[in-house]
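Shown here is one chain on its own, the form predicted on its own, set out as structure tokens.
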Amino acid sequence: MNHTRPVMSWFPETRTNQTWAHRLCTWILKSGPVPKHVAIIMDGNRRFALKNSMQRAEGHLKGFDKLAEVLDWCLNLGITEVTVYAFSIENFKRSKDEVDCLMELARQKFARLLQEKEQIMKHGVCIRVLGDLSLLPRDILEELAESVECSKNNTRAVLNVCFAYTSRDEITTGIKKLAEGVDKGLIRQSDISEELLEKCLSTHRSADPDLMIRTSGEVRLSDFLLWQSTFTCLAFVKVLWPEFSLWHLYAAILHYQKNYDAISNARENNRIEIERRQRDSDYRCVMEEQKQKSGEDGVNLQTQIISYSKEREKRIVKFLTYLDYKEETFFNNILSNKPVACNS
């Protein structure tokens, strides 16, 4: 691995030069619906290295350079949230040399990110790291935690970095959180729903992606945001990630715009169905409580349902507050021996 090669900035001071054709396309696309949240499977770094007779490490570095460039394009287009699949838990199964290389590259990336705190605050970017962070080396974990802590109050844009992540692991962890909530008496078993499970996922602070892009020509999601992509427009691009261009991004957004109405209708119908199922659940729970009270009534049924719904919402708020506290404590424990110097 070439350690003398400079690591490209996450947020370059000089914006990418665009031709008049790029500016025209940007203007045209902005006249229609532009996705607010784009998820990216950055696939093809190793094949790019092989294609260009490079070492794998150089291919991964080229991939990071492309990420920094794409983030700039997204900001320019008005895309306010980007989620990238940086490192899968499955990647730990690769050769030791390649895993070590990827961990070293991560050290360089996140060390550079910490050096760019001013740029993070200037652009108002909130950095979030999603995944099983307990699998990471301590030094990388500290850098990630500091980046998250320093930027947590930024609201202009969000960058979610999925690191040591798979969707199946995320969903499994979410189910464990629900089981813990029931065990501790914070919620009831009857409170559990798809909506509550969503709030237990690592992406709970984000809306589901509007558009997901996968490069390299592969047409599968590879265990990435499986739950969140139910109503996401998928764009599979036949180009290796380091070769991904602004024109490819334009084409993906145009694909999203062509399918916008159908996806929006499906999302709205799903929202209505979720609300209906919740009302039915509340009704069944109230009727069950009435049976246990030996038919004692005296209160209007609709009033009981409204009261039950409010109590359920209180339990859920208390449960989610507990989960937020656990997450905050996790990061605080990591940073306890590493002072955070951050200008907001």
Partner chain sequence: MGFPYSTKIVDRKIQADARNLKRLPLHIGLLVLESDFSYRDLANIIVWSITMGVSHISVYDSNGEFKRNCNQLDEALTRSREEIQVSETNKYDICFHIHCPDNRGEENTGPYSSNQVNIHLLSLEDGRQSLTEVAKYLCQDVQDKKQKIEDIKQCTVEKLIQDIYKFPDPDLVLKFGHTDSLMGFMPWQIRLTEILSLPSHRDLHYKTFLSTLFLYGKMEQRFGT
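Residue numbers count along the first chain shown, from 1. Bear in mind the structure is a predicted one, so any value in this text is a computation, not a measurement.
The same protein also exists as the form predicted together with the partner chain; that form is not shown, yet it is the one meant from here on.
- Here the marked residues Glu104, Arg205 and Leu320 all miss the partner chain in the predicted complex; none has a heavy atom within 4.5 angstroms.
- Checking Asn76, Asn259, Gln108, Thr80 for any heavy atom within 4.5 Å of the partner chain in the predicted complex turns up a single hit: Asn259.
- Taking a 4.5 Å heavy atom cutoff to the partner chain in the predicted complex, the contact residue among Lys36, Lys30, Arg47, Arg315 is Arg47.
- Heavy atoms within 4.5 Å of the partner chain in the predicted complex map, among the stretches 241 to 249, 131 to 139, 145 to 153, 212 to 220, onto 212 to 220 alone.
- Residue contact check for Asp100: none of its heavy atoms lie within 4.5 Å of the partner chain in the predicted complex.
- Put simply, Gln115 is far from the partner chain in the predicted complex: not one heavy atom of it is within 4.5 Å.
- Looking at His255, you'd find a heavy atom of it within 4.5 angstroms of the partner chain in the predicted complex.
- Interface residue remark: Asp43 is counted as part of the site for the partner chain in the predicted complex, having a heavy atom within 4.5 Å.
- Within 4.5 angstroms of the partner chain in the predicted complex, the stretch 225 to 239 places a non-hydrogen atom from each of Leu226, Trp227, Gln228, Thr230, Phe231, Thr232, Cys233, Leu234, Phe236, taken in sequence order.
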